[in-house]
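Just one chain is shown here, as structure tokens, and it is the form predicted alone.
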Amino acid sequence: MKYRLALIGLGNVGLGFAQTLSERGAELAEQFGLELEIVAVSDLIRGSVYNPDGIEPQALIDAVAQTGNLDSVPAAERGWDALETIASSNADVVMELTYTDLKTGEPAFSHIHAALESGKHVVTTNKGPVALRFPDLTAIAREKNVEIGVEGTVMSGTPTLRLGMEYVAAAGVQRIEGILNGTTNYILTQMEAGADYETALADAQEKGYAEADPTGDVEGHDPAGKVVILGNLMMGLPLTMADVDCTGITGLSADDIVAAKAAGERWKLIGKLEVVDGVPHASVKPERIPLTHPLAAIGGATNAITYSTDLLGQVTLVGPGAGRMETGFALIVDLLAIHRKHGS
């Protein structure tokens, strides 16, 4: 079955998805019967194109590589903004890939809301609307009989949410804790190897793990958003960002790292969620954990999550928490789920 796609945002994730589609599209169609065709792209910086008969993903990649914009991509229409693209394109699925705002959820919330109201499926890697107003969006999706896929909002392409909701949840999840931010984990790994905080941060920025403004990562806001998403989806808790006790890693010194190492422990920025006596407790904090802890061995930009369950004990999932291709893959996972439910 063919699904026509509108990409709202063409940054690293959108380009990673386009590359995956260019390289693996035929295989996806043959193996799963999932035929994916990009028909529209709207990006604030790179421009907007719409072709109801399809746009070659490689043409998007080449145009951005050569000129930084989409002017050379053949199109029937140009210049549509995001909402016009959602309303007027013949897309079946809207892929919301714009920047994340964990204070307002905009503009992504408005994009997703409009897509669902128009009867289009949505897949997104944007944490903002999912952390802030996911129940509102799922209510619309149910009413319109469409899907909203959010796998890429937590741990990138590692199937944290889908595996958790479809399988681990049945074992009775009592607590969730994880390393949910690759930037801070990389910085802490470098500090344990002897680097000071400023040097480790600069190294992370040079490698592309940290933004020019790393506040959302190092102050813990990014993993806090992921804790909210996990609480909402995995444990049915009506958490908000304000419910997460949040502390970042900027207060850790080289002496703190050395002291933990001497005690056979290791600092990690841990996102944690548990229910105690019926009361949910959510936090993101630096913690000293013993080297025997399942999360202690997770180094570099890798992420990991441990589900503590009634029936299985601890289940730990390790995988990439960021990356162009990895996050692009999460979109494929959500598209496959839509196809399995709605494809004919």
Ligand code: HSE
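Note that residue numbering follows the sequence shown and begins at 1. Bear in mind the structure is a predicted one, so any value in this text is a computation, not a measurement. Definition used throughout: the rigid core is the maximal C-alpha set that superposes within 1.5 Å between two forms.
The form predicted in complex with ligand HSE is left out here; the points below concern that form.
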Listed residue that, although ligand HSE is not shown, lies within 4.5 Å of it in the predicted complex (heavy atoms), from 268, 111, 121, 226: 226
Students should find that, of 151, 96, 217, 177, the residue having a non-hydrogen atom no more than 4.5 angstroms from ligand HSE in the predicted complex is 217
Location of ligand HSE contact in the predicted complex, chosen stretch of 177 to 185, 270 to 278, 143 to 151, 242 to 250 [non-hydrogen atom, 4.5 Å]: 177 to 185
Any of the heavy atoms of residue 321 lying within 4.5 Å of ligand HSE in the predicted complex? yes
Answer with yes or no whether residue 198 is in contact with ligand HSE in the predicted complex, where contact means some heavy atom within 4.5 Å. no
Can you check whether residue 80 is within 4.5 Å of ligand HSE in the predicted complex, heavy atom basis? no
Contact between residue 209 and ligand HSE in the predicted complex at 4.5 Å, heavy atoms? yes
Those residues of 45 to 76 which, in the predicted complex, come within 4.5 Å of ligand HSE by heavy atom: none
Spell out whether the Cα of residue 159 moves at least 2 Å between this form and the one not shown when the two forms are superposed on their rigid core. no
